[in-house]
Ligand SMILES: Nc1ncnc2c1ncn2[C@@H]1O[C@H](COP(=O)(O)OP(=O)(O)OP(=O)(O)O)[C@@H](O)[C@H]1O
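As a starting point, one isolated chain is supplied in structure tokens, in the form predicted on its own.
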Amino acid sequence: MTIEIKGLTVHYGDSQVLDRIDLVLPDRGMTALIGANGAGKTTLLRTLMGLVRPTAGEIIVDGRRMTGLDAEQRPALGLAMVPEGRRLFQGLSVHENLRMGAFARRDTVQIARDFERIYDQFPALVPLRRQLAGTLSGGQQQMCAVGRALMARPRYLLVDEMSLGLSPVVTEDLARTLSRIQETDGTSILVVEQDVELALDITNFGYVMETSRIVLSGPSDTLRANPKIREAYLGL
């Protein structure tokens, strides 16, 4: 599944948040989108999911123009998002939150199989199936949020600030799980992350955003070696 973004522009009132964004998210890979707070990374994801209407530009998925499609139509095209801050249903159990990820599906037998697949990926959630999401630790909530998105069986998974508020150990474990999901399931993944070292470690290709625009792109290893990236984001 390939996503092409051409000239994507977004305004919030009089403020321009995305300025003629051009990028390609390749099939069966992991891509990083890095940049400082306020650069427009989350807005780009929300626009991809139909939660924000662009002022101009196109979003093309596998050759189909989807810019005008409503948010509820995007999952059917194979898109799912893990939002910043998890945004779980705090009063529902872990299992009920996972079920919400499959709300648009009717393939009951496959949904049951996918529950077990998610619990295999996140065994720490197994004893917590009936526990309310609001009582979980940050790491457990993030596992649940990723699992909920995967229950939609996406071809492209958008992950926004996975490491936010989590310990390095939990973050590294989640990163390994995402890499494993990409390799075993073939799910393409876009990682939006302020932890630039982590993002470039687990991805193949990256884009750098500054103040609403893409200013640099290339293989993750090349970006990591770039003196400007090392100075601005890695403290080297």
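The first residue of the sequence shown is number 1, and the count goes up from there. The structure displayed is predicted, hence computed values, not measured ones.
Another form exists, predicted in complex with this ligand; not displayed. Remarks below refer to it.
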| said: this ligand is absent from this chain, but in the predicted bound form, do Tyr12, Val17 and Lys41 each have a non-hydrogen atom within 4.5 Å of it? | reply: yes
| task | Verify the contact flag for Thr171: yes if a non-hydrogen atom of it lies within 4.5 Å of a non-hydrogen atom of this ligand in the predicted bound form, no if not. | result | no
| Using heavy atoms and a 4.5 Å limit, would one call Gln182 a contact residue for this ligand in the predicted bound form? | no
| query | Is Leu51 a contact residue for this ligand in the predicted bound form, using a 4.5 Å heavy atom cut-off? | reply | no
| message | With the partner left out here, check for me: in the predicted bound form, does some heavy atom of Asp114 sit within 4.5 Å of this ligand? | response | no
| said: Considering non-hydrogen atoms and a 4.5 Å limit, which listed residue (Ala36, Ile60, Leu69, Ala56) is close to this ligand in the predicted bound form? | reply: Ala36
| in the predicted bound form, which of the stretches 42 to 50, 198 to 206, 174 to 182, 22 to 30 has residues with heavy atoms within 4.5 Å of this ligand? | 42 to 50
| So which bits of 152 to 184 sit within 4.5 Å of this ligand in the predicted bound form, heavy atoms only? | Glu161
